[in-house]
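Single chain ahead, by itself, as structure tokens, in the form predicted on its own.
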């Protein structure tokens, strides 16, 4: 099996189709022939296509851009080292418009192309749930970033998660808030979608197990324009600390600013969205001093640092989990194709599940039978706008 070294950037041109336009720009390799899994001869210069549904428009367009950049960086590295099975990778992107109907439409446009071997789905759990029926029908591997634990426990054999699920984020938030910060009375602010509802349930249970209590639990609908009622409920409670699961950075930014405007200065420990580059841009000083549970941090491992340096050099912005998980997903897809020696979906599925000990930007991948590859989080702090690493917490795979 070829080993792809993420820190060795290739000089080959990035190969990508965006919004279904033509890619590659006429680069042709020497023609030789290989045999596909179905036994049909094809030119080795044929590209292996990877489909990606990501928000190019809508409220998550900024984070969608970062995800696109992470995937492109991985494509360039792999192609610069000769590709996979002697073939270049090609990224085909469709806009999910930051909506559930949008990602269903984007995925189906991609799936109509029989040459796409592997897909990258959404980082939003609510969108991954929306994709589920069509992913089952298409029956090809889909790497996802949504962290609702249910996504890999509802019988879909084609989802493979490249971020740790919220079973682990809830454990780390609760343990850090109770044992390190010393707070027992919590205010929870969570989206009412699948991601936030699951996070609320898991964090409430973890806090209870540690002898802490939730004194107020505030749910909100995605893209809420005004969080004043939520902030006032927290202000009127005897909460010592805030715990949160925000789906979209825009909502987090509005809440953070209104929290400070209304004089609430409680400590705050949030799920990964509190550390996202887009959230930092939107909230600014309103997030200074907060803590976060991040699946990616540049100081968490040598591989993360190498990736962060390459990404920063290419795009002049810090890397975050939006770009890191798509970067890892492309490398994992390449490893699986090499292991399977084909793009046959069933062979690829078995190859992905067999990956153990792969050191990616997000952490060390050890896939379990459900399709979860990662099992830990980083604890970080916002120090005047800079995300500072505190510690890494890993759990043994189930």
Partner chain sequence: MGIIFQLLFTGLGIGAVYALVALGFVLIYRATNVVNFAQGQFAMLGGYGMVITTVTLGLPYWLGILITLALMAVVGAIFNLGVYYPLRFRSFLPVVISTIGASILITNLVLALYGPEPTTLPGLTDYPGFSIGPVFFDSQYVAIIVISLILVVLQYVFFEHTLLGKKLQAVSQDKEMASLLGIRVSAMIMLTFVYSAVLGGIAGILVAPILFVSVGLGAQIALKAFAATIIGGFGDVAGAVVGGLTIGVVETLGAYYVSVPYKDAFAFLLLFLFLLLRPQGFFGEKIAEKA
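Residue numbers count along the first chain shown, from 1. Everything numeric here is computed off the predicted structure, so don't read it as measured data.
Another form exists, predicted in complex with the partner chain; not displayed. Remarks below refer to it.
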{"property": "Touches the partner chain in the predicted complex: residue 347 (any heavy atom, 4.5 Å)", "result": "no"}
{"property": "Interface membership of residue 267, the partner chain in the predicted complex, 4.5 Å heavy atom rule", "result": "no"}
{"property": "Partner contact for residue 218 in the predicted complex: the partner chain, 4.5 angstroms, heavy atom", "result": "yes"}
{"property": "Exercise: residue 364 in contact with the partner chain in the predicted complex, heavy atom 4.5 Å", "result": "no"}
{"property": "Contact stretch among 79-87, 229-237, 141-149, 171-179 - heavy atom within 4.5 Å of the partner chain in the predicted complex", "result": "229-237"}
{"property": "Candidate from 212, 254, 194, 130 lying within 4.5 Å of the partner chain in the predicted complex - any heavy atom", "result": "254"}
{"property": "Contact assignment for the partner chain in the predicted complex, among 204, 250, 126, 198, heavy atom within 4.5 Å", "result": "250"}
{"property": "Heavy atom distance at most 4.5 Å to the partner chain in the predicted complex, all of 62, 224 and 262", "result": "yes"}
{"property": "Stretch 285-301: residues contacting the partner chain in the predicted complex, 4.5 Å heavy atom cut-off", "result": "none"}
